[in-house]
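Heads up, the chain below is alone and in the form predicted on its own; it's given as structure tokens.
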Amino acid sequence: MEAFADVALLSRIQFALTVAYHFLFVPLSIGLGLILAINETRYYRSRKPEDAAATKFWVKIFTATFAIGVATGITMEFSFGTNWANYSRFVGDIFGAPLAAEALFAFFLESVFLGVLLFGRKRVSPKFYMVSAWLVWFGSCLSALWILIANSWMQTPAGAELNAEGTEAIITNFWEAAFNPSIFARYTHTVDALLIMGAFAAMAVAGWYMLKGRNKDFAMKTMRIAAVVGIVSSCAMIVFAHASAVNVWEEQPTKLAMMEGMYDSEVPPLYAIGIVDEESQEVIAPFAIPGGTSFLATGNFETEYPGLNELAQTEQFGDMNVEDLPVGLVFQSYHIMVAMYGLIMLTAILVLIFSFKGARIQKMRWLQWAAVLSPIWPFVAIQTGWITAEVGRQPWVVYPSMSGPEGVSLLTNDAISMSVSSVELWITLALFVLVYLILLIGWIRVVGRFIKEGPIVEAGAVKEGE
């Protein structure tokens, strides 16, 4: 029953809920932003009424998703000043610049040109309208950059030092803080995952129309665009995921140890599935590739990694209590993410082959159903990836990375506000669940109506120039 009164745990659950919910819409908005821009480029070149209808369709889907994404993102920022007040005091000097830049440069850019897409079709030139579509997508990617700069600094602090009282991190070099050791690996990994999500969402819409026998031309064009974006971004993920794993190995050894369930130092094997027995401190798995994880991170099968017990004996990670670490959760979330990537690649390859090879997908109902269900794979991969990244750095909210400034770290239990009670957290948790459920139902109904209507070619429209 103590867990029900644990303010730190409840604060983490509340923030995890809001982040997971928010990150349902962020991948869709950034991923579908690219699909929208590609469709507008197609229309700019063809000037066909059906291509104009396709762009209008994606503008409606994107706008509905963008709006709820913005609303749910604001909630998280408010929580920094309430139940994470001590955390905000510690990182305030660091986070002020990137969060302000995200609002001033990225959000305004995205919002202004989204206004052009909504109201400017007949008021601006076709080229300016097409450029606006790309700027909306660029603005969303730029927004993700500033947010990830802030988040990556928590993982690998840089360009800062403790104040004289040892209570706040003070910025000493903005560029070092912004371009901290993990930002490039984490940004490319994250944004590529969002593009995969957008491609598979478009794939699902196309598959649904094929199953219903509706909007056949739109469905085939959309399926092909989604297949190309999906396979390119999925292949790129091999490079980006490897870079991210290497960065974790170099900067966050305790996280890597939890990802592979390593309590003692060893040459880590590569598991496909398994269970961590936290009492006996071992991984129970039906099979493993000896030295497989070592090879993926360092290029050879013989590199020994430090285990959690050894790391806990060091001064740098001495605040860590191995028995309290959520090793099983991190292990499972990491391996589920990897498994989802296998399904992503398989689906992308099949859809690509049968979309271009005689358009055979139009007669393959099983593959159409696979396309409809396919957004589940990247969605689960994204959510479990964030669990791995964020839970894996516990018990710190600002992690004492290997290259970080001395002393610049903050334990999660020291980051919460002392003035927030467990009762207040339970009340707000219930309200969040209620309000977010209403918003989700509303979004599903609105987007469902758009999909049911489909792309609408304006009456009397003809190809420009005819």
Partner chain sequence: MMEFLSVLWFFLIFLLIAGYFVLDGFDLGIGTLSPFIAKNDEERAILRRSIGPVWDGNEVWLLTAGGALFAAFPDAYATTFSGFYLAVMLVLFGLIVRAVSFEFGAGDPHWRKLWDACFFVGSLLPALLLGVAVGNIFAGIPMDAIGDYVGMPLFGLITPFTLLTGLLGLSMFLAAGASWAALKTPLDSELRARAIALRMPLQVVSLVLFVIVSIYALILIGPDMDANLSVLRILFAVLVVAGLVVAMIVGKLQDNDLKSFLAQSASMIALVALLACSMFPVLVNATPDSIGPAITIYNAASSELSLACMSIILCIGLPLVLAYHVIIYRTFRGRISAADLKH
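Residue numbers count along the first chain shown, from 1. On a predicted model such as this, the values are computed, not experimentally measured, just so you know.
Not on display, but discussed next: the form predicted together with its partner chain.
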Checklist entry - If you check in the predicted bound form, do Leu9, Ser244 and Phe301 all have a non-hydrogen atom within 4.5 Å of its partner chain? => result no
Next on the checklist: Please identify the residue among Ala370, Met345, Ala85, Val391 with any heavy atom within 4.5 Å of its partner chain in the predicted bound form.
Outcome noted: Ala85
Next on the checklist: To verify the annotation, which of these, Leu329, Val116, Met320, Ala144, has a non-hydrogen atom within 4.5 Å of its partner chain in the predicted bound form?
Outcome noted: Val116
Checklist entry - Is the gap between Ser111 and its partner chain in the predicted bound form 4.5 Å or less for some heavy atom pair? => result yes
Checklist entry - With the partner left out of view, is Asp93 within 4.5 angstroms of its partner chain in the predicted bound form by any non-hydrogen atom? => result yes
Next on the checklist: Even though the partner isn't displayed, in the predicted bound form is Lys48 close enough to its partner chain, meaning a heavy atom within 4.5 Å?
Outcome noted: no
Checklist entry - Would Ile38 count as a contact of its partner chain in the predicted bound form, using a 4.5 angstroms cut-off between non-hydrogen atoms? => result no
Item to check | Which of 73-81, 179-187, 224-232, 255-263 lines the interface with its partner chain in the predicted bound form (heavy atom within 4.5 Å) | outcome: 73-81
Checklist entry - Which residues, if any, of 436-454 lie within 4.5 Å of its partner chain in the predicted bound form when only heavy atoms count? => result Tyr436, Ile438, Leu439, Ile441, Gly442, Trp443, Arg445, Val446, Arg449, Phe450
